[in-house]
Every structure is written in structure tokens, then in C-alpha cells.
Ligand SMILES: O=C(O)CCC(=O)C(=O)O
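Encoded as C-alpha cells, the following chain is the form predicted on its own, with no partner shown.
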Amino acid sequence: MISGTITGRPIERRSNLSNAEFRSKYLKPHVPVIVTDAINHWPATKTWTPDFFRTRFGDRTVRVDREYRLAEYIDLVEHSSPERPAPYLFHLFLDENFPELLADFQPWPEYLTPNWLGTHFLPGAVGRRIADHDRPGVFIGGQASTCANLHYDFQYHSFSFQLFGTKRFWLYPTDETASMYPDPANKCLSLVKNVENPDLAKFPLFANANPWLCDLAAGEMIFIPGGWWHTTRMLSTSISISVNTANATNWPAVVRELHAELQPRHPVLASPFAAYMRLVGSWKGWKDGI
């Protein structure tokens, strides 16, 4: 396992966290938190191992940097090293690829509710896109595998659940966006490729960035607030799942993001669309009592 000193602000770890306290102390003010006992009831915490996927689904094909039989990919992951890190399997939709496993992580912790993603209240492609964004994905990587880009998840809240191994997280608050050097072609992605050894000659403002840091262990959940930049590195063979949520606490930012995306392509419709989305959010927020 990779180890080493990490510097930055630690992320609070909690157990026996009530949903009311989660909402008031973390969700509404957009503060990350780790919950150590949120998924003790999930079968996945006991059964999802590399050998489980190799044995049960070894002949299935996955695409990472290229196509692999899953058994071949798991072997590659287990032989990953800092010198030759395995490519990272990033957000493979579980309902498409492993529908047999959907019951292994039910029910979701109460912290994820209410979740407006998955609700079909918009027509057309945008409605389908929002409805798709709550689909859980599986992430598999080997020691020293890394997330491809420092990024944020379109203002959605993100919940990541570690099921096997340990993963290191770097989180940067929304108010440090200028130091993240958003990619002009995709502002959800940073031009900074390596947070551990950044090119400060090219990205001098990144020297002022102050990350929140943690090593997420098997059985733990991390809440990443909407708009927070983040990236990860595997400290060992790692299996996790992640899902996005939206509700009254991040809906205005989601609407701004959608409006900015639609404006260049649909300048006439973008503003009425945003107004409708804000109205929907006000109604749903009143209904949810958040």
C-alpha cells in the first residue's frame, strides 16, 4: 500500500450521524463529511472483492483505455504499482453492466434523500440527461491508479462509497475555482493534471489552493458538496460506487450550470427554461421541507 504524509485540512469523520444533523451541519452549508457506518447493512461491503468480480463476471467485457475481459482487467489491477499503475475504470453504470448487483447496495442511506435527479419533470434530451445523472457507477482501480482529471460534478452533490481497499481524496471548495484553472472547453474539468506535483510555473494560483484531504477506507461514505473540485488516487486495489443527488440545497447552482450550457446553443429558450427550473425547484423545496 502507498503511504505518506498528506497536508491540508482533514475531513471530519462521523458515526451515528442523524439525517437532521447531516442536513444542518453538512448538506445545507456544503461541508464535506465522512460517515463511517452509513453502509454497514449493505451486502456489497462483505462480498465485493476483486476475486468476486473475476469469478462471477470474468467473461464480461469492460472498456477502460481499451477493451478487456473483466478477469483480465482485475488481474491487471491487482498487479498495479506506482511504476506501472493500472488504468482506472471510471463510473461504469451498474444498471447496464451488473444489474444482478443492484440489490447489493440497497437501501441507500437516508442522507441521499430527497434526490430530484431521476425525476422526469423535463421533456426532451435535457430531461433525460438529468434523469440519468443519479445512476450509480462502479469505480475499480489498482494501487497508484488515479482519477484522470481534477473536476467537479456539474454542481451535483456526490456520495462515494468505498467497498474494498483505500482511496485518497483531494477536495477543493467552490470558492477556489479560480485556482483550479477550469478548462475553457469544459469548465467542469481542471487543466491541472497532477495535484501532488502541479506545474506551478504554468498554474501559479494553484500554489494557494488548500485541499481538504482524507483516505477513505472500506465501509466508509464521503459526501462531496456540489461544485467542490476533487480527484482521487488509489492506495491499494480499490472498488467503490458513487451516485449524484440534487435537491433544494444545490438546485440553484444546477440551474445556473444548465442555463450556461444551453445559452450558446438555444439563446431564445435558455432563460425561459431556467425560469421554469427555478419554479420547479421552489415547489419541490417547499414540498420537501428543506
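Position 1 is the first residue in the sequence shown; the rest follow in order. From a predicted model like this one, the values you see are computed outputs, not experimental measurements.
Keep in mind the form predicted in complex with the named molecule is missing from the figure; the text below concerns it.
From the list 147-155, 185-193, 68-76, 107-115, the contact stretch for the named molecule in the predicted complex under a 4.5 Å heavy atom rule is 147-155. When contacts are defined as a non-hydrogen atom within 4.5 Å, none of H30, F223 and N250 contacts the named molecule in the predicted complex. The named molecule is not shown here, and in the predicted complex it never comes within 4.5 Å of any heavy atom of A38.
At a distance threshold of 4.5 angstroms between non-hydrogen atoms, T245 is out of contact with the named molecule in the predicted complex. In the predicted complex, none of the heavy atoms of R54 sits within 4.5 Å of a heavy atom of the named molecule. Taking non-hydrogen atoms only, F164 never approaches the named molecule to within 4.5 angstroms in the predicted complex. Annotation for 220-235: interface residues with the named molecule in the predicted complex are H230, T232, M234 [heavy atom within 4.5 Å].
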